[in-house]
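In the form predicted on its own, a lone chain appears below as structure tokens.
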């Protein structure tokens, strides 16, 4: 076979491969699950599926623009660009919503935009349910239950009472016997002699000493285990921020602000520029009025009257609430993306917290108990295996 023939065959194979790839791409169905993730990460700051937020509600929007999906995709991807081009529908929407300009999402691919549209089109309201937080209540660690220490201390008290009761019974019996036989009455000195005899018994001394030492040791261990744990810690922040309003009422996804949860060890403190995505337009809140939002403007150097940045930004000195010891490694992305855990699993029902506080103790026993009970998920499906079955109790998993 000649070189020209080989070259023609290679060329034909490349063309066929390209045609097959384009065919598969053309028939690839947009993913509802991907659209849901993209929607929560990019859209929930300004839109809700039901009810108006900054922008209009999105339930029924795709049906409203039936037959105009191509235009809708362009609007979602680059609304400012369409407005600048003088697109009639784009300008009408811009005017309808008081010239509140929707941000561009040019970072999303066309396929991702279609997935978002699929999610909005197929979305259905979820049934209201109670948030179940893993690990709440019993930890499965006997040393974490204070009842064991109170039981040991109670045992010491019972032994002392038994000793006193024996002394009283002995004194009463001896007094009765002496009175019957006409002997001298049982005096206080005799009582003390009997008491010293009982309390000086080697078995009693050994038992009481052992119980007291065990109770003291258990109490010491319990107190030592609380060192560095700050459950319930709720510091005052420089800017009042209501998670109940943002994550609860407005249903803004946690990951929209805490973007590090899906890609980093840390969840990251949100930049005030993220706040400005909404508060460039929303200048007054329902709880604190303009006072707290004004602090955001001061931090970014924004003048709401001039509608422009006029000063140098200043950092907001947020007070950290959740922390783990330096010798313990924890990765948010590993738990949120791979483990598919909800934020509430560790942080509690933050969507109900007016002021965020540390919900769980985040101690080693608490983490180990979660690893013992949490089922491993593969491709979103729960398996019968726990994290412990996959090596989740290995010390080197967290300490290395």
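Numbering follows the first chain given and starts at 1. Predicted model, so just to flag it, every value in this text is computed and none were measured. Only the largest set of C-alpha atoms that superpose within 1.5 Å between the two forms is called the rigid core.
Omitted here: the form predicted together with a small molecule. The next part is about that form.
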Since only the chain is shown here, I'm wondering whether residue 374 would be in contact with the small molecule in the model of the complex (any heavy atom pair within 4.5 Å). yes
Would residue 51 count as a contact of the small molecule in the model of the complex, using a 4.5 angstroms cut-off between non-hydrogen atoms? no
Just to confirm, residue 171 within 4.5 Å of the small molecule in the model of the complex by heavy atoms? no
Could you confirm whether residue 309 comes within 4.5 Å of the small molecule in the model of the complex, counting heavy atoms only? no
Given that the partner is absent here, state which listed stretch (161-169, 323-331, 205-213, 301-309) has heavy atoms within 4.5 Å of the small molecule in the model of the complex. 323-331
Is it the case that 82, 111 and 281 all touch the small molecule in the model of the complex, with a non-hydrogen atom of each within 4.5 angstroms? no
Can we say the CA of residue 89 moves by at least 2 Å between this form and the one not shown when the core is superposed? yes
Once the core is superposed between this form and the one not shown, does residue 256 show a C-alpha displacement of at least 2 Å? no
Determine whether the C-alpha of residue 112 shifts by 2 Å or more between this form and the one not shown once the rigid core is superposed. yes
Answer with closer or farther for the CA-CA spacing of residue 259 and residue 73 in the model of the complex compared to the shown form; it moves by 3 Å or more. farther
Cα-Cα trend for residue 42 and residue 342, given that in the model of the complex the distance shifts by 3 Å or more: closer
